[in-house]
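Quick heads-up: it's one chain on its own, the form predicted on its own, in structure tokens.
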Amino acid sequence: MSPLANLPMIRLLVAKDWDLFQRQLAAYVGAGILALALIGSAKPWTFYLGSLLLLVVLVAAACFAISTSLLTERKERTLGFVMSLPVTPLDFYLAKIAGNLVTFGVPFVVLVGGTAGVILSTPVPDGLLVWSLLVFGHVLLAHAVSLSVAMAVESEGWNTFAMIASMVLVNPFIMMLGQIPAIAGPMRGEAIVWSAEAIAILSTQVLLSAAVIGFTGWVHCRKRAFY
């Protein structure tokens, strides 16, 4: 059966996840808006506090989307109910990927847009825009890797390790950006400088995110059963 033939069932599974988690996601967006308000005040202490809060919100939203829609479902053994529905393993994969793209993607896009708006409309240096988008790109890639591991590995311990490890790497990544003159140099200025290094890093992040999700989809296409 073609995945498109089961599109109504896939939509129902995505809607189920959204209905279950939309209040929590609204709370993450609210916390992110608070973080952006602190950043926009452009005072040293509020900028630091807001930046830290924004990172925490992004990481928490990414982990929440995966743990609630996949790990908790397995732990509570509700997957058996899904298996009783007229869905194939590929249908299930598409529903979970689409559901995670919605539950994580909505707060992610809102906060990316909010961050860009704050940087461009407040005394915060406009040069921070490129650096900020690279950090968002890392979170996106980390989420893609964690989601793919959660789809492929049944062990809750390994899934938790993958989520924590990929998200914790944001700090070394930020330090690495600070060591690249073409990226760190313009951060305090008003010019938005897309250096070759910045374009290469962001392009790699986006392509790797798509490749990881695509490879996981290819693996699930070959499955004939849920296990």
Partner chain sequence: MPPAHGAPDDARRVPHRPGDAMHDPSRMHHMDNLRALAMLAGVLFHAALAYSPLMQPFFPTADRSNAAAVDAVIWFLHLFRMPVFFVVAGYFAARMVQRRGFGAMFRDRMLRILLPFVLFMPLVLWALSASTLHAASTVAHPSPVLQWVAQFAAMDDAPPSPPSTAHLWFLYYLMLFYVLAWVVDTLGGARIGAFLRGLHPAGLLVALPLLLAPALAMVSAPHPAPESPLPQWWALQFFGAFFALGWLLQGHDAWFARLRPVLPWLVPASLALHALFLHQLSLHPPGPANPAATWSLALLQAFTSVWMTLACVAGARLLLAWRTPLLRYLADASYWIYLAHLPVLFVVQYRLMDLDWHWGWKLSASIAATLAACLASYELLVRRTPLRRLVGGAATSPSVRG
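Basically, rigid core = biggest C-alpha set you can superpose within 1.5 Å across the two forms. Computed from a predicted model, the values in this text were never measured in an experiment. Numbering follows the first chain given and starts at 1.
One more form of this protein should be noted, the form predicted together with its partner chain, which is absent from this view; the next part is about it.
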**Prompt:** in the model of the complex, which of the stretches 94 to 102, 128 to 136, 141 to 149, 109 to 117 has residues with heavy atoms within 4.5 Å of its partner chain?
**Reply:** 109 to 117
**Prompt:** How about Thr160: is it within 4.5 Å of its partner chain in the model of the complex, going by heavy atoms?
**Reply:** no
**Asked** Do Gly185 and its partner chain come within 4.5 Å of each other in the model of the complex, heavy atoms counted?
**Response** no
**Item:** Any non-hydrogen atom of Leu25 within 4.5 angstroms of its partner chain in the model of the complex
**Value:** yes
**Request:** Consider Gly30 of the chain shown here, and say whether it contacts its partner chain in the model of the complex, taking contact as heavy atoms within 4.5 Å.
**Result:** yes
**Prompt:** Using a 4.5 Å heavy atom cut-off, are Ser51, Asn171 and Met175 all in contact with its partner chain in the model of the complex?
**Reply:** no
**Asked** What is the one choice in Val56, Ile164, Ile199, Leu34 with a heavy atom within 4.5 Å of its partner chain in the model of the complex?
**Response** Leu34
**Message:** Once the core is superposed between the shown form and the other one, does Leu36 show a C-alpha displacement of at least 2 Å?
**Reply:** yes
